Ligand SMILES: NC(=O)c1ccc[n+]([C@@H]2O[C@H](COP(=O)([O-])OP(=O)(O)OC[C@H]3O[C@@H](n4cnc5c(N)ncnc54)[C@H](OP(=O)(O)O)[C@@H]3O)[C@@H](O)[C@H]2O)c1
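Presented below, as structure tokens, is a lone chain in the form predicted alone.
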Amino acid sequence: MAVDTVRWGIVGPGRIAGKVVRDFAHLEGAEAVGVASRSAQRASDFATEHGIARTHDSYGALFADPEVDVVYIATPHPQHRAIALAAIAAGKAVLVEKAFTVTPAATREVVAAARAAGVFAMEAMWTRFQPAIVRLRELIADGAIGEVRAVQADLGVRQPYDPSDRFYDPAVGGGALFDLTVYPISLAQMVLGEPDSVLARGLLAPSGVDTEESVLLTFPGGRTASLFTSLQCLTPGQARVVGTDGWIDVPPRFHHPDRVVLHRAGKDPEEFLAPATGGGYFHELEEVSVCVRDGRTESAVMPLADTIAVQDVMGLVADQLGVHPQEGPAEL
């Protein structure tokens, strides 16, 4: 599918969707034209706030809208699989909010459906498109720190236990894993590739979701990633990539940084400023829009193989922690 102006539909008009949609103001050749919610009032309120022309009171109605090219899916994690499969079956390209699904099997199912249908699909891992992270990858590729040996990252928030809070509700994919841990795992996979072993230890809330975990990934050649996430304590949210000739710091918060700092032995630190456009979501929206406009079915920056690899790691983490996420049905 090659189009001139890429027309977007929004599924799940909540907090994150509101942030994402605001960045369309910075984007040329793409616009949000429709929004769907099972609550007609919620869809109407969102459309009014963000200047979106059409509303739908079911997801299926949005998928049937011929004026929509791409569907951005921002519902709770367990609904991603069913909604993405329905959108793909309708021939729509999809941008699926991270975590892509809550199980490795579901991720493979969605990827297989997109490839079979020949439509674009991508996980909305905005970190990979942040200009500072792009610079990080360039520095690594240029050999600025030699051979990369390790990744270290943390990401924690203080979210006191409340069984009614979405963070602690297993029915909506609560817990640290899908909201927080996905970020450092994706960073480590981006830098080091697929791990050959995963070791996870952590804590569970009374509701059964994970509240905190330490994850050690090992990679071929003895390389490692040491990751920590928490819903119990606020952490700096920083990352470091260590190589044989130096290291690169990604200051807080590493999943949407505005700079990276290169440290090389015997030299002064070098800071590379690279702020994001808008709220930082512009860059992933631009990537999807360009890919769809050009008729591509995957992003080279966030390929589906990487999403599968990250979901496989999360699946092993869940198993070791004793978390049992379930893909949920979605009323289409």
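Nothing here was measured: the structure is a model prediction, and the numbers come from that model. Residues carry their position along the shown sequence, with the first being 1.
Beyond what is shown, the protein has a form predicted together with the ligand; the following relates to that form.
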Practice problem: Evaluate residue 281 for contact with the ligand in the model of the complex, applying a 4.5 angstroms cut-off between non-hydrogen atoms, and reply yes or no. | Solution: yes
Do residue 137 and the ligand come within 4.5 Å of each other in the model of the complex, heavy atoms counted? no
request  = Indicate whether the ligand has at least one heavy atom within 4.5 Å of a heavy atom of residue 307 in the model of the complex.
outcome  = no
Discussion item. Quick check on residue 75: any heavy atom within 4.5 Å of the ligand in the model of the complex?
Written reply: yes
Students should find that, of 203, 172, 150, 233, the residue having a non-hydrogen atom no more than 4.5 angstroms from the ligand in the model of the complex is 172
Residue within 4.5 Å of the ligand in the model of the complex by heavy atom, from 54, 38, 26, 264, is 38
Only one of 190-198, 239-247, 151-159, 93-101 sits within 4.5 Å of the ligand in the model of the complex by heavy atom distance, namely 93-101
Point to revise | Complete contact of 168, 186 and 254 with the ligand in the model of the complex (any heavy atom, 4.5 Å) | key: no
Restricting to 50-70, the residues within 4.5 Å of the ligand in the model of the complex through any heavy atom are 59
